[in-house]
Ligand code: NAD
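We begin with a single chain expressed as structure tokens, specifically the form predicted alone.
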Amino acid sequence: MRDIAHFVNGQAFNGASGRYGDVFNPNTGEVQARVQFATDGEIDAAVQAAAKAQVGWGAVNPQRRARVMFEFKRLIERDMNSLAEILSSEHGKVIADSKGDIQRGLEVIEFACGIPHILKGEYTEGAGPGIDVYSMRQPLGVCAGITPFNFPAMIPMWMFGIAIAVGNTFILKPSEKDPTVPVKLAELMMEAGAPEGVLNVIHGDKSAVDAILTHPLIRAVSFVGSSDIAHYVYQTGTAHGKRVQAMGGAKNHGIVLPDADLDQVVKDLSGAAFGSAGERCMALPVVVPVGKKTADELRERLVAEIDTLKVGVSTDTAAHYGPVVSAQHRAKIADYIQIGVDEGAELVVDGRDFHLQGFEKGFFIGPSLFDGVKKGMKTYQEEIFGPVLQMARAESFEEAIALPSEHQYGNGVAIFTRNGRAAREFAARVNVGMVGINVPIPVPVAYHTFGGWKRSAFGDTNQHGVEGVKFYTKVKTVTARWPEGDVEDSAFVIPTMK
């Protein structure tokens, strides 16, 4: 049995807790490795190593830190195939999707390569008589990230890429379900030239999370996961004096107006709802067709499209998606489908009985489609996080815009239309953080910023882009005067710009 160790101070670190988590191959249902769980003392050792390394790393000029990011990017691209294979073997997503996971993380690393320009501060010459004012952004110190199973490459890189580029050191606590790729990333960061202790990986469960949230030397914590845990992370971290950004769950809607190109809409919905087995916080699990004619035609086309989808092992290049991450998660999705039936929604396509020949013990579940979903239903209000698409019909544009606006989650939303005025009004009015116009998964590019509203995000700063730089730095403003001649006796007068 392969053991997955921690990575601390530039090398593998075997803990002594005696506690482990099983790492499955979702395709076969077999345990392929076990991951060590850290003690509080082992986490403290990692933080101490990071704190020691930060003194020197924070003093390195931004251009040299950027060179490490450039080399890290090159190494990831060199190892793309092997990383994707490992990722798929632990998560279950198909290889092409795993490469997309890695690539979207690399795009933030590319952004971080421009850190010398991004860190430039503001300067005002002559703000007063002989007085100049300027600002600088400085690193916080030791930062930490707690990341979910669904994007074991992308989300860690979203966090540590910017944090390290601006001069911090980092403690990463990845999901215990697919921990190997995060360790590989840390190894490649060292190979790229980062000093020992700059990027450390600690494995564990809730006790590890609590140790991170309460450690006095950790200055900031970034989290992605379910909303209940995100709220807990935000409350606990801020109560211990930390800067916290905590991204939670989602129930993203796709509004389909009568003038939409339904051929394109069906393809977009299929990929957004069922891709990666629906295990994406930016998946699109709710479609809202406006008007009976639109809904009836869309339903007919979706049923036909679902019939063409192929569920297969993650190495099958013809498969549209693979298994879900665990047997427990598969059971949870199946339970939600039954709840939807019990609530009175019409189950048009039922994926619960799907089995893949030769892989009967794998964690596979077929695509499902509901119609007649109402906003009061539990399955509408909660995040299923699986290959389940729900149709919630609307009679008007106003009813359609109200559904995502009034939902407890506000991560992403999309509208499908040829009407520019309607799209513009929708984007301006909808109460959701990220909007797609004929774009089913509106994840912003790396130099913009990612973040939802309402119970989809806790904290005031979003991920990556300039917002990410703000989160991982603190601003220092300097007011400078170089007097000539006699020193003025003005020490007891508040400075003004007269």
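When you see a residue number, it is the position in the sequence shown, counting from 1. Given the structure is predicted, the values throughout are model-derived calculations rather than measurements.
Missing here is the form predicted together with nicotinamide-adenine-dinucleotide (NAD); even so, the following discussion is about that form.
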Which residue, I162, L87, I171, V224, is the contact with nicotinamide-adenine-dinucleotide (NAD) in the model of the complex, using a 4.5 Å heavy atom cutoff? V224
In the model of the complex, the residue from L257, C281, L302, C113 with a non-hydrogen atom within 4.5 Å of nicotinamide-adenine-dinucleotide (NAD) is C281
In the model of the complex, which of the stretches 130-138, 148-156, 308-316, 334-342 has residues with heavy atoms within 4.5 Å of nicotinamide-adenine-dinucleotide (NAD)? 148-156
Given that nicotinamide-adenine-dinucleotide (NAD) is not shown alongside this chain, does S98 nevertheless sit within 4.5 Å of it in the model of the complex, heavy atom to heavy atom? no
Residue-level question: is E383 within 4.5 Å of nicotinamide-adenine-dinucleotide (NAD) in the model of the complex, judged on heavy atoms? yes
Does nicotinamide-adenine-dinucleotide (NAD) get within 4.5 angstroms of any non-hydrogen atom of V209 in the model of the complex? yes
nicotinamide-adenine-dinucleotide (NAD) contact in the model of the complex: S456, any heavy atom under 4.5 Å: yes
Taking nicotinamide-adenine-dinucleotide (NAD) as it sits in the model of the complex, which residues of 165-183 have a non-hydrogen atom within 4.5 Å of it? Please list them. K173, P174, S175, E176, K177
